[in-house]
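As structure tokens, one chain now follows by itself in the form predicted alone.
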Amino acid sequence: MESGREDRRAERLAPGLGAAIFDPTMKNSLQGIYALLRANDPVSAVPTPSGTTMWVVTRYEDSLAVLRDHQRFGNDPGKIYSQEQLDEMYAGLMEHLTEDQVQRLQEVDQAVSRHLLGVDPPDHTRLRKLVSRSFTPKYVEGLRSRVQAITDALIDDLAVGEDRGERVVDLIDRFAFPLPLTVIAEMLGIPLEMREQFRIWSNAAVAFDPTHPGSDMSINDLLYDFIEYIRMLIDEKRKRPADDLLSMLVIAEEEGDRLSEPELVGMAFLLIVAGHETTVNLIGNAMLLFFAHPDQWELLRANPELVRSAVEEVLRHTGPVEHSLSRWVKDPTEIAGQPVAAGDQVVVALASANRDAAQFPDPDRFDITREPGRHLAFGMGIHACLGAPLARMEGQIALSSLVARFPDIRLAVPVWELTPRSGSLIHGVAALPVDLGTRREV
């Protein structure tokens, strides 16, 4: 956060400041809020409609401890609560819904919950083993030439538009979105003609409020359609398997174990959404940071070898994921001296931990020569982002290609006119109008 006015706005929200991180109207003030929380309320209580408490963790060391500790904190509420307790909790959250809406909400919840981020060992260990072979650094490196080719084609298309007088373009729509979506679609074996529909479904998948599930049934309706499409895809792969990741998951067998139908649906859902959302917003956030810090853009232009550290600094300073998904307290314990009860939820504010001065000197400074630290942009521990190597490579290729072909690119509208992405999970902008400037032939 930049202005004193935003600082004062954040101060007026205390106490109970932790809830503000889920407030879409506060997105431009979050770093000021995080600073206040780290200083005054580092494990902040947020009441939930179910009657439990959600704890927002904001300091780096505390966040790292929570993310790494799957003995005390689990990702599967079904391991914490009985089915009767879960039914009672959800009933209270869904009192305002019709019987049909409740059924559709439950169907979506059951369909998308059996993936890597929603289960604990031993299920998590089995699922990760089955899918991890397609995201090893060696495998991802083998995709580099294809990612570069997709990038070059998108940049060539931008250049053709510039030749026709199209100087101002939406960099999200024309570049940051199609690049990673094309990559993950090819990996999974998904038809690219569904690209725009995937964008709608993906927006719905990340536009949720963890403190008020079921509050927007239009989002749930979109996710219901998304799940139905995934089921159709899985059926097609089962009938006609091909050389792609989704076919591999359908037929995968590891030590006599296969993915169940709910696991297949949940994993496909996660791979489609997470497989491109991280990179879309990594690229968008990177360019916004460079527009605000033109000296760093010139530094990258003069020293292309800095692209790796530049991507890491973007991830640390303004990463694409604002906070972790909820984790659940297994038994009564403490976080940084704060007692937390069994059944409570814990959310790690990743964007806050990555600006903790106790871990990162001068944390608000954007410096692409900074020694890469152990930032938490991709999480940590057994639930760390499986696709991190792919997102890093895509980010590096995207920035290297943009700075080489469009060295004079600049923001085409005042920054305050940009619209943040909906939902509290993702940090990014919905559109990024840019003036391509004078391109350089390569």
Ligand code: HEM
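Residues carry their position along the shown sequence, with the first being 1. Since the model is a prediction, treat every value here as computed from it, not as a measurement.
Omitted from view is the form predicted together with this ligand, to which the following refers.
The partner is absent here, but in the predicted bound form a heavy atom of Leu386, alone among Leu386, Leu411, Val46, Ala65, sits within 4.5 Å of this ligand.
Here is the short version: of Arg308, Arg146, Arg128, Arg199, the single residue with a heavy atom within 4.5 Å of this ligand in the predicted bound form is Arg128.
Within this chain, His124 lines the site of this ligand in the predicted bound form, having a heavy atom no more than 4.5 Å away. When contacts are judged by a 4.5 Å heavy atom cut-off, Thr278 counts as touching this ligand in the predicted bound form. Interface membership of Leu270, defined by any non-hydrogen atom within 4.5 Å of this ligand in the predicted bound form, is confirmed.
Looking at Pro320, you'd find a heavy atom of it within 4.5 angstroms of this ligand in the predicted bound form. Three-residue candidate spot Leu117, Leu282 and Ala391; every residue lies within 4.5 angstroms of this ligand in the predicted bound form by at least one non-hydrogen atom. Contact with this ligand in the predicted bound form, judged as any non-hydrogen atom within 4.5 angstroms, is confined among 374-382, 49-57, 402-410, 27-35 to 374-382. Residues Pro320, Val321, Ser324, Leu325, Arg327 are the members of 318-337 with a non-hydrogen atom no more than 4.5 angstroms from this ligand in the predicted bound form.
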